[in-house]
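Presented below, as C-alpha cells, is a lone chain in the form predicted alone.
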C-alpha cells in the first residue's frame, strides 16, 4: 500500500511538471463524465418516468422543463469537457513522453562508465524503455479508482436506506473475481518486466547490428541476417508461449468467478421487482435503483481491479524511478582537495597498484608502479590484455584501484574533484563517438568553454590533418556529417578519426591521451600527425596506446606491458638493443612491410 501510494504520488508530480494544470482538468473531466454524468442521467430518467405517470398537471409541465434544462446543461458540460480532453490529449501525452525521455537523457549524462558496464544496469535501462505507457495508464487507473469510489458512495447513499441487504450481497459476490484477477496479474507481471526486458534488449541489439553502417556490411557478407532473425524469433516464441498460457488460464478463471456475481444480480433484481409489485417504490425509482445496483457492482469490482492494476504497474514503473535514483559508482568526494586549473601538466604516479574489475577474481594489474613526469611523451605497448587500456581507465578514474594509490602531483586521485581533473585531460578513445551533427560541433564538443575560439578551432583541425578534407565539405564547418540526419555527408573511417583527434586537440588540455589514435589513418597522415604532436605539444604530457610501432617509436619513453606488469621501458633505440619483447614485436610488424 505504502509503495503504491509513494510511486503514484511521484508519477502525479512528474505529470504536473510535464503538463501543469491539464492533469487537474483531465481528472475533473474523467470524474464528471464517468461518475457524475451517468448518475445525473439516471436520476433525470427516473424523474421523467415518474412525471410521465402523472402527466397533464401544470406543475408537472414545469418540472419537465427543469428536467429538460438540467439534462441539456449536464450534456453540454460533458460534451465540452470530453471535446477539450479529446482534442488536447494527444498533445499532452506527447509532451509527457518527451518530458520523461529528456529526464532519462539528463540522468544518463550524469552517470559514469563503471555504471554503464553493469549488466544489471543495462537490464534496468531496457525495462525503463516501456514505462512511459504504463505511467499514462497508471494516471488513468488512479482517476478511475477515485471515480469508482465516488460512484460506490453515491450508489450506497441511494440504495442502502431502502434496500440495506443489497449492498453487502453485491460486495461479497464481487470478492472472488477480485482475488482471481489479482492472482492473474501477479502471474502476468514478469512478462511485462524482466522477461520482456530480456527480449527487448536482444531485439535492440540485433537491430543495431543490422542497421549500423559499421556492422551491417559484415552481416551481408556472412549472411548472418537470417541467423539473427531466427535468434530473435526463437526468443520471442519462448517468451510468448508461456505468456499465452498464463493469459488463457486467467480468462477461464475469471468466467468461473463471475457466476456468484450473476446470482447476486438476479437476487437484487428480484428484490426490486417485488418492491414495485408491492408499490413500495415507483417505476421511476425502480430504474434509478436498478441502475445504481449495476453501478455499485461495477464500482466495487473496478475499485478492486483498479487497485490491483495500480499495484502491478507500480512494480513496473518503479524501474523508472530506480533509474532516476541510480548513483554513480565513482563520484567526487564531498570535500575535495583543491586542484587549481593550470596550463602545465602534472606528475602522475601509479604506486603499488593492483586492480581487478568488479565481480571478477583475476588481477589485471598487480603491484604496478609507474611515474610519468610533466611534459613527458609516453607510449604504452603490449599485446591485447596486457593492461594498457585499464591503466587509462584508472587514470580517468572510471574505476578505483583495488589496492595502492594513484597520485596526481602527490595527491590521491580519490581526493580530487573529477570535473576539475577532467579539465586537465584531452582524450581520443579507440571507440570514439561519431557525432552525426555538424563538423564544427564534432570539434567544439571537446571544450565547450572555448567553443567561440575560432583560432583554436582551426589549429586543432590542422593538427589532426582534418583541414585537408574540410574544404571538400559543401557547407564547410556547418556541414552535417554522417547519414543519420537530412543532408548529412558520410565520412571515411580515417576522416572520422581525424575529426575525433581534432576534438582532443581542441580540448587544449595539459594532458593528452591517445588510444589507438591512427588505426584508421594512412601512413603519411599518421606521420604528419605525430610530427605535429611532437612540435606543437612540447609542454604537454602525451600518453599514447598503439599497436603501430611507427607511431610509438618517437616517444620519450616506451613502456612495454605483459600480464599487467612492466617488462621493459626506455626509448626505441634502447629497447631495440635489448632484443626483448619490444624488439620481437617490432621485428614481427616490420616484416609485414617488407
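Residue numbers count along the first chain shown, from 1. This is a predicted model, so every value here is computed, not measured.
A second form of this protein, the form predicted together with a small molecule, is not displayed here; the remarks below concern that form.
Contact with the small molecule in the predicted complex, judged as any non-hydrogen atom within 4.5 angstroms, is confined among 168-176, 278-286, 433-441, 383-391 to 383-391. For the three marked residues, 339, 348 and 412, no heavy atom of any sits within 4.5 Å of the small molecule in the predicted complex. Screening 116, 290, 357, 458 for any heavy atom within 4.5 Å of the small molecule in the predicted complex leaves a single hit, 357. Of the residues given (223, 241, 362, 120), 362 alone sits with a heavy atom within 4.5 Å of the small molecule in the predicted complex. Among heavy atoms of residue 548, none comes within 4.5 Å of the small molecule in the predicted complex. Residue 496 falls outside the set of residues with a heavy atom inside 4.5 Å of the small molecule in the predicted complex.
Taking the partner from elsewhere, residue 399 is found to have a heavy atom lying within 4.5 Å of the small molecule in the predicted complex.
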